[in-house]
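So this one's two forms of a single chain, laid out as structure tokens and tagged structure 1 and structure 2.
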Structure 1
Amino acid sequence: MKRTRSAVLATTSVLALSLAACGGAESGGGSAAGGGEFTPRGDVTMIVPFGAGGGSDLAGRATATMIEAANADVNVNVENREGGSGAVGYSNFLGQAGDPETLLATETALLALPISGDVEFDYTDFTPIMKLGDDFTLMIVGADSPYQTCTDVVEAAKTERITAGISGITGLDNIVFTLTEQQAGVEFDRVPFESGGELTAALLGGQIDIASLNPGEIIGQLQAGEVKALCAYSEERYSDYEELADIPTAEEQGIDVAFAQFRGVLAPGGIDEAARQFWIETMQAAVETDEYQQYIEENYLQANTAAGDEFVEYLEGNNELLTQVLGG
């Protein structure tokens, strides 16, 4: 499998960034003994900075399940904090600095929010723990849409108003549509929603013309014939998944756009090294569980993982790419 463009663009400066992410403050919770060992003192909270029903919610709940499978002594409660295209949840998480018993299910908004909006954080304010995988997206239309390919949509946008639904103004949806616009010289009329669930409902209700959705968010409606996928914004077809294998890539249709939303886990900034290592080791065990494999397969992800400093390096490169795409 090819690496994504965002992964290829990752650069160095790993040590400096990891030190900034980890911070030097003592952890605000848990227990430390034996010269730095850490175990959570109580239930762990997993913040999902988006609403229920979307890809981020699915990722957060699956991650909680795989953590519990990897460590029977850890109980994880999932808490949705939606609003502001992820800004509310991330800002709340920023306030948890030093608390090693709070985690966050992270994705591309971690990088896109500081580039596109007025927020008080960037990724170096947090402690990257684990990248779980890459989640590409599909261009989706209603079953009765006149469009049969992504090229049809681009051609129509040259003379018609095309309403494009996106899940948050800083998410993967907006990024792939922006890349499409930049390459094809067209412009879509954005309609933002707070979650993939809301976006799907709007598409089914005929409120928008097109949507960008992860396969895991829309597979039920695809299989039921309620919607159709025009192309995949991936570098290769989903050949490993029979139900998606016939969907052509955007590149096959003359639109050279492929970009993956990463799925991962953050701890707050300011936790100590013992807590950081505990969560890295816990997540390394979590991605070996059946629960992780089930999550990857059921949500049609690519299992490209990166732990600790490798995740920091990935974020640095991905941030450079997004700055080029969204910064202007």
Structure 2
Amino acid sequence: MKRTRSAVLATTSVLALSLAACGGAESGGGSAAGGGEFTPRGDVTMIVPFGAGGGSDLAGRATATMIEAANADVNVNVENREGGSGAVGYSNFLGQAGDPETLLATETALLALPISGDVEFDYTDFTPIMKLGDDFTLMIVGADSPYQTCTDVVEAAKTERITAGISGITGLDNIVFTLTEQQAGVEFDRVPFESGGELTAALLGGQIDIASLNPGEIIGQLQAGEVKALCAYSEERYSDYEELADIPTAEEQGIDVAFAQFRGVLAPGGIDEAARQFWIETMQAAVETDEYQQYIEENYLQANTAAGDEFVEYLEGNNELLTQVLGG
């Protein structure tokens, strides 16, 4: 493991300080302090709206572990409710309104599904608790690709055909490619795949020119020199991770695009304020645990957290951007 644990720890201890400042000095035991009268009755259920083994499942299970680490009185059971790219899980969660003993491991599908128009909920139907982190993507090409920067790719797209593999219409990769196209006035030809693994195989086999993948999905190939990362679609470089720190951001290369898949926790709509406060405080304690650190590092996330109202604000901004990309 060549990760710079110290750097990550440094960043998050700053973060922890600022959180502690606004959160009201939580020191681990969430139930005893602050929040009010609420404590969960019995076991808490963490719904994962995707199948076992995927990125959402990992996030849900990690969140359950960190909640238990932060508050020994709370026991969290993870339950997978998959189907319809998350639609089934979120729709079921809609029916849990007012039940403060159920949480949901959320991500970008919370915004993308309502925009696609097939579901009856949107993010305002739920109670956002905590954003855990951001998973950005890197633009990846094969090792023998002629392109050295994202600018090269955009320039080339003006005169020739560039095939871009994507993992689905509402996928993060399709969103950043669409934003890039809008910025640069070019067009990529999409080839739809179903997962990061399939995209990696297609890149290695020379079936497609470019793909946009999460660092965690491609780090193995990257370290082996089988593929090249041209730029990161993130606001800032991955300076916490030694092996990714040299990758410039798209903005540095003149393409002003940064978009992340977020990971977070939702409570159902219609829960009372005491319960909301309890979960916000519990999650604020949870993101200070070693379990949280481990989750962030193993998945190459950027530890950008946002609690309660801040998370709501983030969702509002993100939703606007997504509507513009996917709705148009």
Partner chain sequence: MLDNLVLGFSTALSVENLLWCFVGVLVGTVIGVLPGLGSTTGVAVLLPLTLSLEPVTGLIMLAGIYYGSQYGGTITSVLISTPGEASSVVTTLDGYQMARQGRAGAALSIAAIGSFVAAIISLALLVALAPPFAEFALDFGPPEMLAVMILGLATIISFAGDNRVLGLLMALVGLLIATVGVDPGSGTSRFTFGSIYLLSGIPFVEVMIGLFAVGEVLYQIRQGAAAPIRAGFRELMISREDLRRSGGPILRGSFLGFLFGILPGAGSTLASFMAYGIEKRVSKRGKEFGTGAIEGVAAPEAANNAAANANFVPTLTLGIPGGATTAVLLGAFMIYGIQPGPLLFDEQPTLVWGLLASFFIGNVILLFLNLPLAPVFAQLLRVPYGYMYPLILLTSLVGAYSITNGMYSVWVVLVFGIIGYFMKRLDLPMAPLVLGLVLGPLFEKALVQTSAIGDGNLLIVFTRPLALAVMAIAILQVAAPTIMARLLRRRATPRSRRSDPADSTPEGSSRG
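This structure is a prediction, so every number in the text was calculated from the model and none was measured. Whichever C-alpha set is largest while still superposing within 1.5 Å between the two forms counts as the rigid core. Residues are numbered by position in structure 1's sequence, first residue being 1.
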query	finding
Which of the two shown structures is the form predicted on its own	1
Smaller rigid part, angle turned between structures 1 and 2 (C-alpha superposition) in °	26
Rigid core superposed, the C-alpha shift at residue 219 between structures 1 and 2 in Å	5.6
